[in-house]
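As structure tokens, one chain now follows by itself in the form predicted on its own.
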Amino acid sequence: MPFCAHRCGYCDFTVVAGKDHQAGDFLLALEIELASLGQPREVQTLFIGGGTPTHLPVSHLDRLLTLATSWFPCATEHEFSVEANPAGLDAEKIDVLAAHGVNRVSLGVQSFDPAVLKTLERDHDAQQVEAAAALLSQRIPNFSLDLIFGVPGQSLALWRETLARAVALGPMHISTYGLTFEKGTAFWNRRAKGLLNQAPDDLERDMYAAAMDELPQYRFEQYELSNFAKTGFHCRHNETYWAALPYYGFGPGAARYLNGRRETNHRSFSTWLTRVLSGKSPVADVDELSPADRARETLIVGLRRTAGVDCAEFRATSGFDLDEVAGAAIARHCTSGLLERTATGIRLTREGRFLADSVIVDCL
């Protein structure tokens, strides 16, 4: 769901701002695209991301949720997540979410500090975060908070305060992301012109370490590189990705992965909309993965999980042994201390989590 009040300078997602008048056309196109399923498909997890799904007015939000659940009825023990922004998330919208079976909300907090929020170009303040969390606690208590570290001007002490304030709101899940400068974003251009300075690597490392050290003290288990949760509250939807299992995807920029075939829709909202409304396919890219490529992908996404990759499960899923796929890289990183062998498989060490990207790329 691509609509947002505005595009933040660091955002690289499929987002449109100032086009709320096209929400009706979006919902019509989404209905057409979903109809390509032919018949409803029961799912274990359903996730509506953005953009900001809750930016829609109540009537459009209700229609979006009706469409989603009509084509993807949820199994009894389901997880239904919706992303939300603290600004504009009121009791009426939360009631609509709950009425449609939404039982998990991911709240884009990023920070509580006015200066950091200004740098990130966020449109909310700490009071709105606290108000949204209080409302969710009453209606949808399984909520997650997204936080960003490594923001220019953000100190380690301020980051630790951010973690403490987040915990105090009572979430079941916390995600911590290092700020990235993606090509094509306003932040990328500002950095190139010297108008924005990236945080030093050592500081970012210390901030990530602080999250890994401090959140477990409040019973938040780190189960993936960027994600911490109370027992029983892992994000089941994202775990589908990290297990390299199949999933559907609809809307501009959405990806789906079925039977080893990955399809990605056009990222341009206007292109996606025009193509769907004119009866054309919204797909921009198709990637048919060979069995070996599927095995490598299973390995690299599995390494994101702190539990790592189980040898027996990997072979059952991919048809390959781990050492067939990346034996040399695994041995090298076990020697360097970035990977370790467990009783059942391999996983990143604590030190390896700081350098996960380089380990994962090497395994390709």
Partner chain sequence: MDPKFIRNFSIVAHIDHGKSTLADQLLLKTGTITQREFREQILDDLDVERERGITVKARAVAIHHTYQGHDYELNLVDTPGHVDFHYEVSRSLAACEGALLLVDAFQGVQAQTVANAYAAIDANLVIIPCINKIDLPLVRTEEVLEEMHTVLGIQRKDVLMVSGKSGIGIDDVFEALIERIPPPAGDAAAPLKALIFDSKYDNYRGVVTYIRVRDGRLAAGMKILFMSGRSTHEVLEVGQFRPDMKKCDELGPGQVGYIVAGIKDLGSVRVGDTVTLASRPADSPLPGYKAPQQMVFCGMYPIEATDFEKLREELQKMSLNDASFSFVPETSDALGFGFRCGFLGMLHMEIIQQRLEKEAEIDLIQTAPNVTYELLMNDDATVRVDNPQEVPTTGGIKEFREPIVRVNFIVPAESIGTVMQLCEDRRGTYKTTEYLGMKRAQLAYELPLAEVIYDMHDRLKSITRGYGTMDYEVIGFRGADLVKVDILVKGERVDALATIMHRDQAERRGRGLCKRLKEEISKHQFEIPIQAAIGSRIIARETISALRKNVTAKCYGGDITRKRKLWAKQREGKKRLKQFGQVEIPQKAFLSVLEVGDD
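Since the structure is predicted, the reported quantities are computational estimates derived from the model, not experimental observations. Positions refer to the first chain, counted from 1.
This next part talks about the form predicted in complex with its partner chain, which is not shown.
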query: Contact label in the predicted bound form: residue 360 to its partner chain, heavy atom within 4.5 Å; finding: yes
query: Distance check, residue 142 to its partner chain in the predicted bound form, heavy atom within 4.5 Å; finding: no
query: Residue 77: touches its partner chain in the predicted bound form, heavy atom cutoff 4.5 angstroms; finding: no
query: Distance check, residue 226 to its partner chain in the predicted bound form, heavy atom within 4.5 Å; finding: yes
query: Contact segment among 63-71, 27-35, 297-305, 312-320, judged by heavy atoms lying within 4.5 Å of its partner chain in the predicted bound form; finding: 297-305
query: The unique member of 161, 92, 121, 201 whose heavy atoms fall within 4.5 Å of its partner chain in the predicted bound form; finding: 201
query: Interface residue in the predicted bound form among 272, 250, 220, 242, criterion: non-hydrogen atom within 4.5 angstroms of its partner chain; finding: 242
query: Heavy atom contacts to its partner chain in the predicted bound form at 4.5 Å, residues of 337-364 in sequence order; finding: 338, 353, 354, 355, 356, 357, 358, 360, 361, 362, 364
